[in-house]
Each structure stands twice: as structure tokens, then as C-alpha cells.
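Have a look below at one chain only, the form predicted on its own, in C-alpha cells format.
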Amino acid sequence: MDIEVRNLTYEYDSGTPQAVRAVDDVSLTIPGGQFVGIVGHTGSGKSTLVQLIDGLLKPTAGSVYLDGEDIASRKFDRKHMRSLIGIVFQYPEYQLFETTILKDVCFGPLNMGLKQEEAVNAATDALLRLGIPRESFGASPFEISGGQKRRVAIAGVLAMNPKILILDEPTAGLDPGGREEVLGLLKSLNESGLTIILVSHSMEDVAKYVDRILVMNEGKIFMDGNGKEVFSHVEQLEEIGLAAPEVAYLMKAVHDAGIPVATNITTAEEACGEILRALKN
């Protein structure tokens, strides 16, 4: 399922002296199956953009299309849209409320109109895909680790079988192990065909996991490319208050020290390989 955004604009307090343009004439296309990271400093418009794509906000101007259909059209089935696009907000575990993990994940499918048995099957599949064992289904969602809570919350969205999954800072508040756990699961889901849009402040996370990076600044798309393309512009990123992954600075320092290494490296694994290659030569 492709997403197309055409000349999208959104103003908070539109028509008042306090109006703030959070998204400013943005146009882009996200093909089905892509893993996209959206980064930017606080107030750059990244969270507003995904809420417009999901239909949670109505644009001041412009349109959003899903497979060629305008989501603002009267003919568009907005109820069906809720099953097409799942959104996971920051600290999604705050939305957990049921007495057991299984009941919590069943809530979305039941709300969509599935019968109890169908909802249980959908919830079971989602929980198993996210690495929650069957023996934990009866446990309270409030008595598991932070990383597991995040998995359960994502499973609650995944159980509704969306074609597109949007996550706003899904690793916020997690320790490094929990972050790797959640991001690795998202990569696995993407490899199974799910379109994923990840809003993040962590350059390391997007450098390692996503296929495409959208850098936002003052409501506009400032850069659009893969990790190597985006992080080769360290100076421009710093000018808008962002930093490249630490490994990019390391490779630049190695290059400046006279060792002929590529500087468009985005992960530690790539850096090790590139330094070893340069030293051997």
C-alpha cells in the first residue's frame, strides 16, 4: 500500500495571531514495504506529519492518498482506514489497561468487529510474532519488563493486521538492550512486508535499521535519502541542530588522520570493515 502526500500543510491555531505552521507544503511518496525513518529536532513537524498521514489531524491544505484514494474524500472508508494504518504513540505501554496480556491485545480486534475466537487468534499470532511466549499470555501487562510492555503494546496494534505501522519514538525510555530488542523486531516485521514509518530522535537507530531517512526542519523535508546519503552532510545537519551518528564523526577523524577510509559509514560494523580494509591496503 503506497502513501502519497501532496502539498500537505498544517497550522496549529490556524486563522489566529498565534498560528504556527507545523507542516509546510510537504510532498512525498512512500512505497509499500519501505522502512522509513523521520528525524528532526523538537518542533520540526515530524510527529504532526505522521498524524496527518494517519488521519488523526485534518490538513489545513493538501492531501494524503492511500493507494491513490484521498483519505479526506467522502467516499473513503475511514473506519476501514483504522485497520490499514496502525499507530503506536510514545510510551505506548501507558495505554495498557486489561488484566491480562491476551485480553489487552484482543481489545483492538474486538473493537474492529471480530468475533471472540477470531480476536484471540489474531492476538495470539501478534504476540508470538513479537516474541511473547504463550505461557505469558495470562500474566498482567503491568508486571513485565519495559521492553516486554512495549512489545505487548505494539502487538495490540499489529493484531488489527495493518498494512502500515507508524511508531512515534517507540524506544523512548528503554535501556540499550530494550531498544535493540524493539528495533530488531520492527526490522523483522518490515522484512515480512509491513510498511514501517519510524519517528525518532536517535540518529544511531535510523542509521542502523531504516531504508530511507526523511530529515524535517521547520515543517519541511530538509533531506531525503538513505543513511549514507543523509549522513554524508554532517555540516548541514549540525546547522539545523542535529548530529550524525557517532561513527560518522569517528570515520571523519580517521580520514583526517591520513587513513584513506570512506566517511559515509553509518554503523559500527561497517566502520570496522572499512578501517580493516584501509589498514590492509
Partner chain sequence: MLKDITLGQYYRADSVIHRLDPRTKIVGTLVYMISLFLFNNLICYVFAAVFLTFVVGLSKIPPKFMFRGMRSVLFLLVFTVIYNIFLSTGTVIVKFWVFTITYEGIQQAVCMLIRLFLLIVGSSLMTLTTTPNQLTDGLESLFKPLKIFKVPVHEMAMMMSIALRFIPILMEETDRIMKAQIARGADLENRNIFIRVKSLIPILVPLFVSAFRRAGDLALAMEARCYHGGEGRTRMKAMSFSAGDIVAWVILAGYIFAVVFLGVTFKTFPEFLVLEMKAGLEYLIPTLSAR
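Basically, rigid core = biggest C-alpha set you can superpose within 1.5 Å across the two forms. Source: prediction; values computed, not measured. Positions refer to the first chain, counted from 1.
The same protein also has a form predicted together with the partner chain, omitted here; what follows describes it.
In summary, the region of this chain contacting the partner chain in the model of the complex, judged by heavy atoms within 4.5 Å and restricted to 152 to 160, 184 to 192, 67 to 75, 115 to 123, corresponds to 152 to 160.
Exactly one listed residue, out of Q51, Q236, N226, Q34, brings a non-hydrogen atom to within 4.5 Å of the partner chain in the model of the complex: Q51. Using a 4.5 Å cutoff between non-hydrogen atoms, Q95 counts as a contact of the partner chain in the model of the complex.
For R82, a non-hydrogen atom is located within 4.5 Å of the partner chain in the model of the complex, even though that partner is not displayed. With a 4.5 Å cutoff on heavy atoms, I87 counts as touching the partner chain in the model of the complex. In the model of the complex, none of the heavy atoms of L28 sits within 4.5 Å of a heavy atom of the partner chain.
Of the residues in 56 to 70, those that come within 4.5 Å of the partner chain in the model of the complex through at least one heavy atom are, in sequence order, L56, L57. Core-superposed comparison between this form and the one not shown: the C-alpha position of D77 differs by no less than 2 Å.
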